[in-house]
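What follows is one chain in structure tokens, specifically the form predicted alone.
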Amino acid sequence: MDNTKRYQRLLERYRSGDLSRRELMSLIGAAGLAYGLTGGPMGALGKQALAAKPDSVRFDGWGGVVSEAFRKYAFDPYQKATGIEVIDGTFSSGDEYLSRVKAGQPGEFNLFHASGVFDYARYAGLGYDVVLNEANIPNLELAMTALKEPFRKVTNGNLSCAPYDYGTTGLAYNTKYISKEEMEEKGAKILIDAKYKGKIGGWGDWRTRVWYGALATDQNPNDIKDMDAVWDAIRAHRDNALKYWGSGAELMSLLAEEEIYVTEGWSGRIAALQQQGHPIAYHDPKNGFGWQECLMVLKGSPLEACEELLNFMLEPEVAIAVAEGQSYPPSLDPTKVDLGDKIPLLPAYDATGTLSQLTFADPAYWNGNEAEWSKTFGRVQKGY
């Protein structure tokens, strides 16, 4: 029996409940010892990759607990199995990473953790997309259709990425200073409330600022009618804020050290703070910013190696471990895959697999306004 069949049988036993996750990983490890590889999917990967492998692939992500989860649960096992090194870098915003890609050489950057369909559309619009051979990524079948279709619409039915996780940018607040009742009453308006001047934070990202400016002025973020009111709200937030934060690590530090009491924040990072015991609550206001993230492959990359890495990262055992590590729900369809006990407790989790309760950014609307709004925000940020 070859490794692939052995692994598939183990997976079938695991999925039917005959094996626990711990037992599965133990058996995979035992198989790996026999074959001199990590075993199971890793053994199969190793055989395939040895045929024509690059020395490395580069992956760029958001850093902090997210990168730690990727490294521990996906990249290290993948490297051990295939001999292909995953070189991981970080960025603090999609704009910053795009500038690096534009300045780089074709093939210098391979995969990255793209945030939102609008980011995917930006890269595709600039010609950085590829056409993935989905036959090499069979685990794509386990991902939610609701997460795959928006990407397919951008790239003519093809995929240049694997959807990987989703979450929301909601309101995070310290319950020692702000009550649940006050948060629910004020919603996004609390970010411009002079009562908390100097104790308010916010991400220095033009999309997030415009989105929350729309919510603070009771407008639909995907169909803003009064942009002047939005800019006034953004100025009010700027004047009351302690500072704009620039990364997830800084967001967590500002809240944990009580330098700020309230900010919008990424659901997974807030969940991580809660797991660490900090009195930080999370509130998703109406039309809160929902987003989905994907692992996008850039033009010039070693496609087969990237496809293997994507398939490995979508293995339920890997994807679940990463999701629990980074505190964002995986793209796996909960109607097809048992996601365990922890993931259903994460913020933004959708048990239906439809994500119909979340509000996502309209890619055409936001990308169509990017040039004007990002430029204006740059001026507002400087005090104009």
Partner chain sequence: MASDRRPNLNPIILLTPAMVSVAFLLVVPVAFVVVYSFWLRTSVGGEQPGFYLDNWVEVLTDSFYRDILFSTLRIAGITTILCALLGYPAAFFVANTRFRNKALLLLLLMLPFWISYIIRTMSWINILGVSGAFNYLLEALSLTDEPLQMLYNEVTVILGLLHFLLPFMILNIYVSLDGMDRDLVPAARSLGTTPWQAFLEVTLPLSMPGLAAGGLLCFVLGSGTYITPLVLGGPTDAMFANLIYEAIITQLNWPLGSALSIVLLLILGSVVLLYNRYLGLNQLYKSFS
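Predicted model only: the values in this text are computed from it and were never measured. Positions refer to the first chain, counted from 1.
Although it is not shown, the form predicted in complex with the partner chain is what the next lines describe.
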| property | result |
| --- | --- |
| Non-hydrogen atom contact K199 with the partner chain in the predicted complex at 4.5 angstroms | yes |
| Interface membership of I137, the partner chain in the predicted complex, 4.5 Å heavy atom rule | no |
| Any non-hydrogen atom of K225 within 4.5 angstroms of the partner chain in the predicted complex | no |
| Interface membership of R122, the partner chain in the predicted complex, 4.5 Å heavy atom rule | yes |
| Contact segment among 140-148, 164-172, 292-300, 249-257, judged by heavy atoms lying within 4.5 Å of the partner chain in the predicted complex | 249-257 |
| Contact assignment for the partner chain in the predicted complex, among I87, A229, L126, V131, heavy atom within 4.5 Å | L126 |
| The unique member of K189, K243, K72, K176 whose heavy atoms fall within 4.5 Å of the partner chain in the predicted complex | K243 |
| Partner contacts in the predicted complex for 159-192 (non-hydrogen atom within 4.5 angstroms of the partner chain) | none |
